[in-house]
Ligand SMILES: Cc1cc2nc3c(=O)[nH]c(=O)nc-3n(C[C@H](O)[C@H](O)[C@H](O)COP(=O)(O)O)c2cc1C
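Next up is one chain by itself, shown in structure tokens, the form predicted alone.
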């Protein structure tokens, strides 16, 4: 089986970090299958994080696992939705209403994940406080590595994993105290930069100062894991490969789009969060790319502008507008499978590739 010093450091059988931003089930299954499951809980309330982390601790015991939070710089000080709404440009509000009316999206009066609270310094500190109370093995920081968060996590004995999209980002994360770097190429789903994975990974390895590096972005097969090792990484960070898994439990409309997607069916857009985010192409991204569409607002203003509508689109499965953050590895998804089978196939293929190269 493929092993590196990551496995020795964390006690995992395979150097595969499996990320999921839905319920903790995928992350739990990844850890049980020999990897390191990471639950993306940045859109969860402190009470939801408390429940999810408690469940992970109970079900995983001594197995390695972690959570991922996004703590970008420049966010408002407080969680004040009304203050954000008061600044939204009327033209942007009208455009969102135009999309609602054009696609007949029901207004159920409920918020979506992005608008249940404002991404702010206040929210970030509350979320981190809950996580730190549990002395988690791994804290991943998806955007930003503020020194106060790194210091708090280190005091509790957590390993800090920083996702970076450029060598300069890696240098900043190292200065903040990151223990492990994830070199995330533009191929990745979610928030992503402009540098491709194949170009980025060796550059981050070169500036890592001996710290372990994981490769991310388009990683969906054992061949990718073997290639990551050849580039100098000591493991991989995988998200999109688990999107259609049994444990992820995507809605029927999301699952159908994931399994049908080809290599050209993702697009990088600011329309969801205000930051560049790779997602499945849909009528949603097409509308925001139209010549007469307004420019998406910055984070967290775009969150509040479109968050309620996005939640209603997903709850009512308004098919043309349904989309999901997904990397270019989505084209490798062909069926809904359990996480354990995905992990087993990924590792076995990597073993076979490395054995073939050795001969």
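Numbering follows the first chain given and starts at 1. Since we're looking at a predicted model, the values are computed, not measured.
What follows is about the form predicted together with the ligand, which we do not show.
Trainee: In the model of the complex, is there a heavy atom of the ligand that lies within 4.5 Å of any heavy atom of residue 188, even though the partner is absent here?
Mentor: Judged by the heavy-atom cut-off of 4.5 Å, residue 188 is in contact with the ligand in the model of the complex.
Trainee: How about residue 53 - does it come within 4.5 Å of the ligand in the model of the complex, if we only consider non-hydrogen atoms?
Mentor: No, residue 53 sits far enough from the ligand in the model of the complex that none of its heavy atoms falls within 4.5 Å.
Trainee: Would residue 303 sit within 4.5 Å of the ligand in the model of the complex, counting heavy atoms only?
Mentor: No - in the model of the complex, heavy atoms of residue 303 and the ligand never come within 4.5 Å of each other.
Trainee: In the model of the complex, is there a heavy atom of the ligand that lies within 4.5 Å of any heavy atom of residue 324, even though the partner is absent here?
Mentor: Heavy-atom contact with the ligand at 4.5 Å: present for residue 324.
Trainee: When the ligand is placed as it is in the model of the complex, are 95, 274 and 288 each within 4.5 Å of it, taking any non-hydrogen atom of the residue?
Mentor: None of them does, since no heavy atom lies within 4.5 Å of the partner.
Trainee: When the ligand is placed as it is in the model of the complex, which of 82 to 90, 122 to 130, 165 to 173, 188 to 196 ends up with heavy atoms within 4.5 Å of it?
Mentor: Correct option: 188 to 196.
Trainee: What is the one choice in 29, 333, 70, 309 with a heavy atom within 4.5 Å of the ligand in the model of the complex?
Mentor: Checked against the cut-off, the match is 70.
Trainee: Going through 27 to 48, which residues have a heavy atom within 4.5 Å of the ligand in the model of the complex? Please give them in sequence order.
Mentor: Counting only heavy atoms within 4.5 Å of the ligand in the model of the complex, the single contacting residue of 27 to 48 is 42.
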